[in-house]
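Same chain, two versions here, written out as structure tokens and called structure 1 and structure 2.
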Structure 1
């Protein structure tokens, strides 16, 4: 089956199959426009795409995939150093860009090929081998330059088919989101998903609550920042009652936001878990329960385990590193055999670096990153997310992030960074201590104006810990 099977076969000429902000194409128009791009890419192995939220980005990505090239999305807000590293490290031979676009100030930019939405082609390009590379997505760790994760067409297809099963995702759906198009969430799920599974797509541009409310979708994707803003706009939240399923990912959804949307929108949000290197591996199901603070069960073809620091499997409900294996895993880091070897165990499991627990019923709860969200204090192992949820239960707290900071006696202490109004440190410490075990209370609360976040809304805890 072709990777973009619905797009490859559809004869539907109705408008607005794919809508980005206020511009749209039918399925037939999208295929013909992307085929014209693919005609320009004969013999090209890797193409870079400035991944703006635009129809040009969708056509460029699809054109690259139709041509059998590996597509390298470049974040449009990347600084010159990051951008040049991605272009150079990926070996991109061509930059697909709107006419007159590109990176004029980048000496390493490959030759530009314009994406012209008025061009059409009826060429049928042969479907590449499923093992061929579909995408090279760059992911940043806490140190060093971003690494290119090599994702095969087979892995992308396995992920999307697993989500179709979990979410009952069909051509009858209308998917709505406003996510960036250079990550797994916005690009693989949010663009390639509709092109494989047949649902219409409406990308709203900037993901404001009123735009989500006006889109009249059946399936909505968002990150916790988006859902938090919608929960704070009751009219927008109520407008989503007609949807079939709301999905949250890319970071943990605070339990107060889950509860607010259940009340206002009438939906218990489905959370899911994945990484650039693994795609989506675990999710709540459309036909099953959705529990706050949990991310559900493994998708078809995915296996998971939780291990201790020596790599030995842990029993149910024990906290340890989550490891995964299955058809959705990446092929490795481009040019980084050292990093690739370090990411895998001797028996073939991928080390996620995330701390999790798995209950007796198989439901997964993600505690957070081992480096920043598992706090070892005075012999206790404390999950930062539990403390954050407790803080968010305070009526004056708008945002909270918890990290471990050095302590001469405890090893690490629980330190909280809080955004809110009229708050006092002692009050918040006592508030948490009344809800959780006393050893989980913050030893220090720092009141800040804002938390540092990346493009997906994730709090950059490494910046907090360094500060």
Structure 2
């Protein structure tokens, strides 16, 4: 079956199958427009796409996938350091972008292939091997620059089919969300999901509560920050009463937000858990209970276990590292055999780095992360090391330690502790923003005389994270 099976086979010419902000295409138009992009990509192995929330991004990604290329979404707000790393490391051969778009100032920009929404082609491109790479998604580790997670077409298909089963997701649905199109949540679930499973899609541009409220969908996706903002806007929350299913993921959904939406919207939100490297692995079901603070049961084809520090499996309810295996796992990190080896056990399980419990009934609870060096802010994953490296590039900074501290809206905020001379907080925040994505900017910079260190000289980040 083709990866984008619904799109590949649909003869539906009704307008608004896929709507991004206020522009839309029918299924037939989307296929023909993307086929025209794919026609231009013959023989190209990897394509980069500046992933703005736009129809052009959808057409570019679909064009790349129809052509059998690996698609590398680039965050549109990535600063030059992060962007150039992604373009160089991925080996993208072309940049798919609307005329006049792209990265004029990037030294390594590959040649541009224009994405033109007025073009049409009726070429039927042969379906690539399911083992071929669909996406290379750049994601932060605890240290260094983001790594490219290589995701096969087979893994994407397995994830979406598992979610169709868990959420009873069908062509009768109308999916609404406003998530960024360069991560698993917004791109794999939020765009490729409808194109495989046949639901219509309305991406609302930015995920503001009033836009979710006005969209009249049946199925809604959001990160906890979005659900929390909707819970704080009771009229918007009440407007979701007519929906079929609300889903939260990418970070822990606070229990008061779950309760507020149960009250205002009449929905117990279905929470699900995943990672860039594993896609979505555990979820509550549309036909089952939803319990606050828990993320549900493994999806079809996924197995999980909780292990202790020696790697030995633990009994029900014991807390340890969650490990997963199954059809949705990535193929590895691009050019990073070291990180790859470290991410898997000898017997083939992926180490998530998340601390979890699994109850006797199989329900999973995510307790937190094993290390303090991965921060989740607004659902974005941010490596402390990458922000520290950016700060250390400033001539006035002698030492820097970055931690996630509690934030009522974002879950965690990026907080930087800096030792240096003649520094100003705003200047350091701008300095990071000029290199990395906007959401990686510290929200707060604390100028200190020294960082707390243990007897070995290692920075005691747990003391800093406590504030």
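Everything quoted here is computed from the prediction, not taken from an experiment. If you superpose the two forms and keep the largest set of C-alpha atoms that fall within 1.5 Å, you have the rigid core. Residue numbers count along the first chain shown, from 1.
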### Query
So which is it, 1 or 2, that shows the form predicted on its own?
1
### Task
Determine, after fitting the two forms on their core, whether residue 417 shows a C-alpha shift of 2 Å or more between the two structures.
yes
### Query
Once you line up the core, how about residue 46: does its CA shift reach 2 Å between the two structures?
no
### Task
Spell out whether the Cα of residue 436 moves at least 2 Å between the two structures when the two forms are superposed on their rigid core.
yes
### Query
Relative to the superposed core, what is the Cα shift for residue 447 between the two structures, in Å?
16.1
